[in-house]
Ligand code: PLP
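Quick setup: one chain, the form predicted on its own, written in structure tokens, and binding and motion questions come after.
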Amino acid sequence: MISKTMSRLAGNNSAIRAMFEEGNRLAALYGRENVYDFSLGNPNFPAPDAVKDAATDILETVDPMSLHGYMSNAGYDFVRKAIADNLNGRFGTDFSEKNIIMTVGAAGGLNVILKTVLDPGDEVLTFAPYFLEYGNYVSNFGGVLKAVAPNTETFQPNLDAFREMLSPSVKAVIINTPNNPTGVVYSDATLRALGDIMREKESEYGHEIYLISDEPYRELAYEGVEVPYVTKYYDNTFIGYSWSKSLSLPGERIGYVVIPSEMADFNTTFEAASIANRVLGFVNAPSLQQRIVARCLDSKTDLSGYDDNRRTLYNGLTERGFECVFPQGAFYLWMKTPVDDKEFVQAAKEYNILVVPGSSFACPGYVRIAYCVAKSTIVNSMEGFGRLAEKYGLKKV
């Protein structure tokens, strides 16, 4: 018999993935163009040409024995240095290759971080609504994830509730900005206050509380919105980054972790994280992908398509009477439901509209709508959303 933990997970698969599979089923019945699948954050825009050019050149010019061989568990020194230099130029930081560990995406990076800092029974706080896989990642290492209740006015972190939930058992705090599922970017004021609270509690409890910033959507911010760099606000901060969204490479699983030199017991922490990369079974991040991203650090996915989708979806829904958070970043729209969110999700399926219930993000009463889709999907879905609005008595604006 398999482990009880994995048996439980197998019987309770992610609502996001389940909805994605439902989309495939409906597409087979009605045709893909007649199914409006907003379930999965899978970029619909291609990687920049620089990615293909870099891959082709690397495969043709780099010695294959070197290209496909092992390297340090932390990754190639020259790749890590290129990333550090790029971050320093953009954010005024002072990193070197000794602050960067290449990882198998941001998810791999979060597991490396949590493996490094958690002992069984340690608590980790995060802010609802949040990406529910955080709970699985924390439990992988015997930790206990607890969610801070949301601030439903702004969806900035609820810092009053956060302060009340901090205790000597809390070892780490996970934040995600730009946020999945709300699209909110955590402000300078929020991060300053968060850092102040955590420093106060570190001093009171006599041990480190680590801040883990999950940043796969960092490059997806609109209208000049600044995404503050979190290591500037709190010394004991880990950054987990991925190119899945910024370069439209979700299947390539390539990212990195930043461990600033200001972190307590930095040398031991960095060495432990490098070893965690190995003992978790990753060994090292994919060698080809490391070399590719090192050549594409100044390349970005064109945000104009996402921005157009963002406005089209928000305007279409609010005009039909739905209440939505206007997203500052990422590629998700967070919409309040006129009835129970799970009931609404089932009703939407009657019109071949697939969205994810807010209860899957520990925040019932809302749905997440991923707009990283073809614009035609948004436009053609509006008839169904209009009928849902009529069903629940919403008034057009």
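Residues carry their position along the shown sequence, with the first being 1. If you're wondering where the values come from, they're calculated on a predicted model, not measured in any experiment.
The same protein also exists as the form predicted in complex with the ligand; that form is not shown, yet it is the one meant from here on.
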* Exercise: Pro129 in contact with the ligand in the predicted complex, heavy atom 4.5 Å -> no
* To do: Check whether Arg80 has any heavy atom within 4.5 Å of a heavy atom of the ligand in the predicted complex, and answer yes or no.
  => no
* **the ligand contact at Val325 in the predicted complex, heavy atom, 4.5 Å** => no
* Does Tyr314 reach the ligand in the predicted complex if we count a contact as any heavy atom within 4.5 Å? -> no
* Asked: Only one of 281 to 289, 142 to 150, 211 to 219, 121 to 129 gets a heavy atom within 4.5 Å of the ligand in the predicted complex; which is it?
  -> 211 to 219
* Asked: Which residue among Val185, Leu194, Ala106, Ala172 has a heavy atom within 4.5 angstroms of the ligand in the predicted complex?
  -> Ala106
* What is the one choice in Thr190, Thr231, Ser244, Thr301 with a heavy atom within 4.5 Å of the ligand in the predicted complex? -> Ser244
